[in-house]
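The data below hold one chain only, encoded as structure tokens and taken in the form predicted on its own.
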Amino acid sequence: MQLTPEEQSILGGGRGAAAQRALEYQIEVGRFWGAERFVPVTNVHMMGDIEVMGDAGLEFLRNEVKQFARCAVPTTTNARCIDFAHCERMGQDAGEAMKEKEIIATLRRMDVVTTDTCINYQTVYQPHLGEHVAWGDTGTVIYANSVFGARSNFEAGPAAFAAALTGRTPEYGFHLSENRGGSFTVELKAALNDLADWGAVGKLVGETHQNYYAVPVFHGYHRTPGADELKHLGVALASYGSMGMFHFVGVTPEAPSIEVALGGRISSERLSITDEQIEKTLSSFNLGDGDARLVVFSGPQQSLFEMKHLASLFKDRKVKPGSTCIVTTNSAILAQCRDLGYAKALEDAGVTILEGVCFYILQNLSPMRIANRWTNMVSNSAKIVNIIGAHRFNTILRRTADCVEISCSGVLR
């Protein structure tokens, strides 16, 4: 790789041993991907929880602090795995909770801003067109690339942390203009009036195009989609198809037209999504044993407007005794929801609000499932429905209002 004088200085120890090792690691990553150089980044978003990092990761961070590691650019953390206010009631391990607290404290000593959110793009930082960032969570990356026109790859935990210390990342993948053009077109003929519908679109497109560099170009929709709709579309594409980018004609900044979005290429594949396909997708989920005791609104965390909508749906209702409804969001949104009364409305209905976490990475989730005799998990998020199978849930995608009805009635339909 071609190094600038500044990078040569870092490699020679000019910024200390931690940054030196980080750049050495990044050079190997760059060589693997065939990168010729680095690009400076302005923002980093990284994983930082004990469930993902484990004891080895915690020990690594301890050693980095001893080597005076410090972030060179603003750096935030993704959702963690423990809500300390609920960990005992959730049956989570007290020892792991202590480790989680130590990870948070250790990251802060290195100037990491521990936001504990997977929706940083809605609540913390919005990169601009052409801005290079190094983000780790797949849902954040596809949103940055697509909706903002920023540039990032899926950065693994060590890669994102290294970028935080050096302020740069190898130039490959979606940092390069030649990889950002559309691959095929998708005409949206369906109404898509619920977030689950947008997730179903991501499932339909992603399952049939499992390719990181496949970039769908959506067009033909009758209105401008909102931020939460684009969020659920993106996380589903990333989950089902490992996609890192999409275009939405007339909406996303690199897609003023189909022709521009395709980068001058002619699309050899033209898909369309109809109401019938959406309904067929929603009805395709196996109801398992019919158990309806667990409904989850998570993966991604809820925005302020999602919380407001849920509060209105749960107004004057109660979660059925014996059932559990879990909602996750970050601390900033939860604080606003407490001020605005949305959190109280949800908690009065019997909903459990978890702060700063995502359900699918909760520490001790599999034993938690067994202890609570949860067999099915119902959600309006296509992403979590797809990824949580590793914990042996039977998952069911349903529209938001239907999820609320299932939670309150205890009847799965």
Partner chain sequence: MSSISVTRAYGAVVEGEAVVSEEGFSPRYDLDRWTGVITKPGHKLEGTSIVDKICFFPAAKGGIAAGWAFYDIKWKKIAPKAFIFGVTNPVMVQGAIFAGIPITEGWDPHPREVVNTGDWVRVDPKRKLIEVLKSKV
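Given the structure is predicted, the values throughout are model-derived calculations rather than measurements. Numbering follows the first chain given and starts at 1.
What comes next is about the form predicted together with the partner chain, which does not appear here.
Visitor: Would the partner chain in the model of the complex be within 4.5 angstroms of a non-hydrogen atom of every residue among Thr123, Gly149 and Tyr221?
Guide: No residue of the spot touches the partner chain in the model of the complex.
Visitor: Heavy atoms within 4.5 Å of the partner chain in the model of the complex: does Ala156 have any?
Guide: Contact check for Ala156: yes, within 4.5 Å of the partner chain in the model of the complex.
Visitor: Mark Ser242 yes when one of its heavy atoms lies within 4.5 Å of a heavy atom of the partner chain in the model of the complex, and no otherwise.
Guide: Close contact exists here: in the model of the complex, Ser242 approaches the partner chain to within 4.5 Å, heavy atoms only.
Visitor: Does any part of Pro40 reach within 4.5 Å of the partner chain in the model of the complex? Heavy atoms only, please.
Guide: No - in the model of the complex, heavy atoms of Pro40 and the partner chain never come within 4.5 Å of each other.
Visitor: So, Gly12 and the partner chain: in the model of the complex, are they within 4.5 Å at any heavy atom pair?
Guide: It does not: once the partner chain is placed as it appears in the model of the complex, Gly12 has no heavy atom within 4.5 Å of it.
Visitor: Given that the partner is absent here, state which listed stretch (271-279, 131-139, 251-259, 183-191) has heavy atoms within 4.5 Å of the partner chain in the model of the complex.
Guide: Flagged stretch: 131-139.
Visitor: With the partner left out here, which residues of 191-227 have a non-hydrogen atom within 4.5 Å of the partner chain in the model of the complex?
Guide: Residues within 4.5 Å: Gln210, Asn211, Tyr212.
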